[in-house]
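There is one chain below, alone, in structure tokens, taken in the form predicted on its own.
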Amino acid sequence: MLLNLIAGHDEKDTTSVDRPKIDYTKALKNDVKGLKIGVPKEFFGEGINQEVKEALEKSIEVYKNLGAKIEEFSLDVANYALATYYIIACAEASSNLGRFDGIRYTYRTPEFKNLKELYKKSRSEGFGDEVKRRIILGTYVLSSGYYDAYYKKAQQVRTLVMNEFNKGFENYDIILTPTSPTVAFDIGSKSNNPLEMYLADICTVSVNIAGLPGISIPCGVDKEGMPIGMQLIGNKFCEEIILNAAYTFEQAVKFRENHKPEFKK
């Protein structure tokens, strides 16, 4: 229902695509017979938690039993996509958040003596540690002498990632991967180690790099009851296919009924 509201052409947004409106609620047909699902072997190799791998393998069997056609193939983009994403995303953060000056946009500090102090205190108080970290990284990769070495090269690798996905979608309707190589971690547990937190994104950032729709749904839990995610990736403007595939899986496994969340105090 939310996608119905936000999808479609926006005449005030020059980056939005002019496509006809679609009612995505009609995509939920609870049927995946004949659906071709590609499983990239690189996403199930070194570094993936065993419990995550087992949960995904069981999920693949569910799709087989529902009539989907499953096939393993090669999609060697994850390791390239992670570095590429954090260069491009940080560069865009640095560029886009430059306008957040406390005058025209966003938070303004209540106490300042001059214009320079207004800028400094507004941005220091208004941005959290992770946002500041990304602005600094992004400013660095866009700076003179480093633009070609990092940002330009990242854009070239981005094209390679997109091309690899295009090849995959010549044969498959959906690409199935883990959402993360590990189970969900406690909120704040990675805050002191940003690099470890970034590495947890290795399965998902390639979707952002390639400009593709993806959906993450729970497909199991570990021994501690922490959820395990499965990611379904679709081709451009094929949200209906991944929504139906996710919905059909949910109706088959009844995850929410079988795994009630327990919140720690």
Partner chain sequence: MSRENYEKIIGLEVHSELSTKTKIFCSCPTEFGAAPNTHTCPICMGMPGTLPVLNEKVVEYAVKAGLATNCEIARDSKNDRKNYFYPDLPKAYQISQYDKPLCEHGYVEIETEEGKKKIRLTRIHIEEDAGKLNHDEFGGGSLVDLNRAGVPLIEIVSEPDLRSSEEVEKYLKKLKSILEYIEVSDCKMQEGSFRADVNVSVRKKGETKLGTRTEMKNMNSFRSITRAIEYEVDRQIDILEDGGTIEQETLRWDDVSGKTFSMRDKEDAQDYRYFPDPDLVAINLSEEYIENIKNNLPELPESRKQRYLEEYKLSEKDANIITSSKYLSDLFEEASKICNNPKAVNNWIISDISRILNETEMEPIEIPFDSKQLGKLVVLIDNGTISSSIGKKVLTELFENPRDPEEIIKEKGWIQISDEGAIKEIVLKILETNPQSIADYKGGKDKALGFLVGQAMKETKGKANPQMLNKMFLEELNK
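Just so we're on the same page, rigid core means the largest C-alpha set that superposes within 1.5 Å between forms. What you are looking at is a predicted structure, and each value in this text was computed from that prediction instead of being measured. Residue numbers count along the first chain shown, from 1.
Keep in mind that the form predicted together with its partner chain is not shown, yet the notes after this line are about it.
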- prompt: Which one of Lys132, Lys167, Arg99, Lys153 is close to its partner chain in the predicted bound form, taking close to mean a heavy atom within 4.5 Å?
  reply: Arg99
message: Considering non-hydrogen atoms and a 4.5 Å limit, which listed residue (Ile103, Ala83, Leu160, Ala149) is close to its partner chain in the predicted bound form?
response: Ile103
message: At 4.5 Å between heavy atoms, is Glu92 in contact with its partner chain in the predicted bound form?
response: yes
- prompt: Within a 4.5 Å heavy atom cut-off, is Asp13 in contact with its partner chain in the predicted bound form?
  reply: yes
query: Is Asn114 close to its partner chain in the predicted bound form, meaning a heavy atom pair under 4.5 Å apart or at it?
result: no
task: Answer with yes or no whether Asn192 is in contact with its partner chain in the predicted bound form, where contact means some heavy atom within 4.5 Å.
output: no
- request: For the heavy atom contacts within 4.5 Å of its partner chain in the predicted bound form, list the residues of 136 to 152 involved, in sequence order.
  value: Thr139, Leu142, Ser143, Ser144, Tyr147, Tyr151
task: Align on the rigid core first; then say whether the Cα of Leu118 has moved by at least 2 Å between the shown form and the other one.
output: yes
task: Compare the position of the CA of Ala89 between the shown form and the other one after a rigid core fit and state whether the shift reaches 2 Å.
output: no
